[in-house]
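A lone chain, given as structure tokens: the form predicted alone.
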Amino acid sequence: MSTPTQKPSVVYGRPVTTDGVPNLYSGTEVQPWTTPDPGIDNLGISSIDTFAVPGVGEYTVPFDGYVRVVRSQPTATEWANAEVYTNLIEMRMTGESEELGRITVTLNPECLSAGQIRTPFDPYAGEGPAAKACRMAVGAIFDMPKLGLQLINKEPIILTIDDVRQIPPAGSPGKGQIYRMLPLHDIRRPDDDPVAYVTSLRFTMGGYLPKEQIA
């Protein structure tokens, strides 16, 4: 398995240690409304991304793959008050379109992709368990060999999931919070003008995968 650099130059949130944290694969039971012990969740993921290339066109590409997410110790034992911090430690997704060719998306090792799961501030919440919200700020590399490009996002991709009733939120739909367009830069010339943009991103977290599928 690939591992990110130990000291990323861009940090999007709180680091979470992987030392002594168990890997969790298919067969792991998830209890709703319960704060779990720390773990590394090996989950499937699918997404539909739309790319805009100035002067060329806009293309929608479906992706499938996996993510590995390490979770911290919850800050409290009861569900309502618990916060959980997360780091995305590995990602690999592949998609293909006729115009853009095969695209592979992996983590940018220069970024610490981090997030949090917590109960939103809601003074009007009713009685009973309150669903949590999940967010993750991600730095990625979009490898497009047909175009001879590796593209990076310098602004974080914010992945969000609402109505979280279990941790991890396997099987939940999510959205990339992108305001109109997210610039993508050539990794060789990151300070030049953007080469392309992500204009839409929607994803679904899958369930736990067998160890054999995490290559």
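From 1 onward, residues are counted along the sequence shown. Computed from a predicted structure; not experimentally measured.
One more form of this protein exists, namely the form predicted in complex with another copy of the chain; it is left out here, but the text below deals with it.
All three of Pro22, Trp33 and Asp37 touching another copy of the chain in the model of the complex at 4.5 Å, heavy atom to heavy atom?
-> Looking in the model of the complex, the three residues Pro22, Trp33 and Asp37 all stay beyond 4.5 Å of another copy of the chain (heavy atoms).
Give a yes or no for Pro15: in the model of the complex, does one of its heavy atoms lie within 4.5 Å of a heavy atom belonging to another copy of the chain?
-> Flag for Pro15 set to yes.
Does the 4.5 Å heavy atom contact test between Asp64 and another copy of the chain in the model of the complex come out positive?
-> Heavy-atom contact with another copy of the chain at 4.5 Å: absent for Asp64.
Residue contact check: Gly206 to another copy of the chain in the model of the complex, 4.5 Å heavy atom = Although another copy of the chain is absent here, Gly206 would stay clear of it in the model of the complex, with no heavy atoms inside 4.5 Å.
Could you confirm whether Gly27 comes within 4.5 Å of another copy of the chain in the model of the complex, counting heavy atoms only?
-> No.
Any idea which of 143-151, 39-47, 165-173, 180-188 reaches within 4.5 Å of another copy of the chain in the model of the complex, heavy atoms considered?
-> Selected stretch: 180-188.
Considering only 195-215, what residues come within 4.5 Å of another copy of the chain in the model of the complex, judged by heavy atoms?
-> Contacts from 195-215: Tyr197, Thr199.
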